[in-house]
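Encoded as structure tokens, the following chain is the form predicted alone, with no partner shown.
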Amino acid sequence: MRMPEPDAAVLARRGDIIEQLRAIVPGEGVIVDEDELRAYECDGLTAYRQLPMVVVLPETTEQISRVLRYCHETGVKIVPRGAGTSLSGGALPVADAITLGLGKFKRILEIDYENRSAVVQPGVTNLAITEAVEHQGFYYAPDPSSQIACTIGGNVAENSGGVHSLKYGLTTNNVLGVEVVLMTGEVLRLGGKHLDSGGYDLLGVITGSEGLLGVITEVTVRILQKPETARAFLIGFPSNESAGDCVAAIIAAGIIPAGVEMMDKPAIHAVEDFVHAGYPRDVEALLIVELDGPEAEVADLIARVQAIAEETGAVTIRISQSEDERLVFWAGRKAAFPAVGRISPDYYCMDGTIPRRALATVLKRMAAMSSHYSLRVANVFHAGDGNLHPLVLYDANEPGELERAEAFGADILKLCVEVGGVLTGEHGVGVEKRDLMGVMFTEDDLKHQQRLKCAFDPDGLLNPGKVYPTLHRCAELGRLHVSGGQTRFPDLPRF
């Protein structure tokens, strides 16, 4: 993985850049000391590290606007950063760029129960939204495993999901509006508490844009009423194939669970040793299936899912009998990543999405790859929507193991595309999958995507080096222009 060579002329201006930033963000809002910068050298993809040129921590939208305008006028690159939990290197610093941290934007601005919405700043953690409204019987549906730490701004940037995405959708299905600052310093409001906006779907464009188009400074999210009843299954199977068959059969029966998660044997053992959630150790695969809704409906669905599980070869079935027990079932799954960290010095957390029908095939092929690369792999994934999270175990202190882990991971992602899937479900492309974009998209596809970036960031200053394996000058592509919420597409075909 290579990043663009730093601009020596920009680095030579570092002292002046720091002085200008301190004029915009006074006090302790500008970090320049090398030891203090070290805290920002990577995100959750810790295999890659780079000290930022300088870090700025603004406290207001006006300060962000002024910082971006300064960068735009002087040609300085800038990398937005939330909590740094990204697993694709989306917040990896660039040597000649400012890292703009949003950690001080952590206020919940408004809770509107009548309109079932909340307005929050981007530094508010995912879980904090639910904690703020649960006393009124509401919650925020997307729940990535890192929800205790990851922030809503980062969730929007990466279009994060979670264990309940099957029924309740990803971040994009639960965001109603955003305030975003463009590279020019212009502040736009997209969407709001209403369900749809006229014109181009710019809210959809910003969600999942990985910090390439603007800096999110406010988010309006949908909050939901908690279901009357929620029950969870632990279902053990003698093979990954039979577990996959069960998932397919449940969906084919017209049942949409709140969540369907799957773990293979290595992941089951790691989690049980760590959390003691009561997972069966003598099975090859484990499904967690949650059903929610009115009590009578859930009771009927429990009987139907149990019958399907037995028909597809389940060897153990356990149903939660209390809310505490249901939460314990999920505590194990949500602790899967740290649990695996206890059995390996390092691991590489992948993210790809496949059709459900390909589950057994992909797991077989991954087992063969594991032997080929002489590296273990533990699998945890959102089986209901086919979002895989293979954890490739390696030791970075052993020469060559990191490179083998990367090659193994690349082969997994190529396999996802081969069977009709995509490179990412919720982690984003960042730098991790950047050089694999050509596996999924043609050069024309990638150029078309970059035309959109040119509309927002014609000089390529926002989060450079991410997503696109080859950067093209906007003048060569034909620019799209965004201003005041209006978008013109002079060089694109009309639809």
Partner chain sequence: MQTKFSPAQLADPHIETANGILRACVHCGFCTATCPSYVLLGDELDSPRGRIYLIKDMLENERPASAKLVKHVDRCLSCLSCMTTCPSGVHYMHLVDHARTRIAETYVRPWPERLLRALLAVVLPRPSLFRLALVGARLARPFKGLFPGRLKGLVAMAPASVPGPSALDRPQVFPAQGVPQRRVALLTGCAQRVLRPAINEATVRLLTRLGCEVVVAEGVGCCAALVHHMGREAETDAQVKANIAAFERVMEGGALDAIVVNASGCGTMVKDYGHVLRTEVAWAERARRVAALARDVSEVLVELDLGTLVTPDKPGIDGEPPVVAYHSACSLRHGQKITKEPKRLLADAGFEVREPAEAHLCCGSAGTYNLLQPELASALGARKADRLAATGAQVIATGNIGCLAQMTGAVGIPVVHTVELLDWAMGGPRPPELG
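Source: prediction; values computed, not measured. Numbering follows the first chain given and starts at 1.
Keep in mind that the form predicted together with the partner chain is not shown, yet the notes after this line are about it.
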Quick one: from 242, 125, 379, 121, grab the residue that has a heavy atom within 4.5 Å of the partner chain in the predicted complex. 125
From 303, 148, 368, 109: within 4.5 Å of the partner chain in the predicted complex by heavy atoms is 148
Whether residue 346 contacts the partner chain in the predicted complex should be assessed with a 4.5 Å heavy atom distance threshold; does it? yes
Is the gap between residue 397 and the partner chain in the predicted complex 4.5 Å or less for some heavy atom pair? yes
Residue contact check: residue 84 to the partner chain in the predicted complex, 4.5 Å heavy atom: yes
Residue 431 within 4.5 Å of the partner chain in the predicted complex, heavy atoms: no
Looking in the predicted complex, is the partner chain within 4.5 angstroms of a heavy atom from every one of 31, 46 and 342? yes
Could you tell me which stretch in 230 to 238, 405 to 413, 148 to 156, 276 to 284 has residues with non-hydrogen atoms within 4.5 Å of the partner chain in the predicted complex? 148 to 156
Within 37 to 58, the residues that have a heavy atom no more than 4.5 Å from the partner chain in the predicted complex: 38, 39, 40, 41, 42, 43, 44, 46, 49, 57
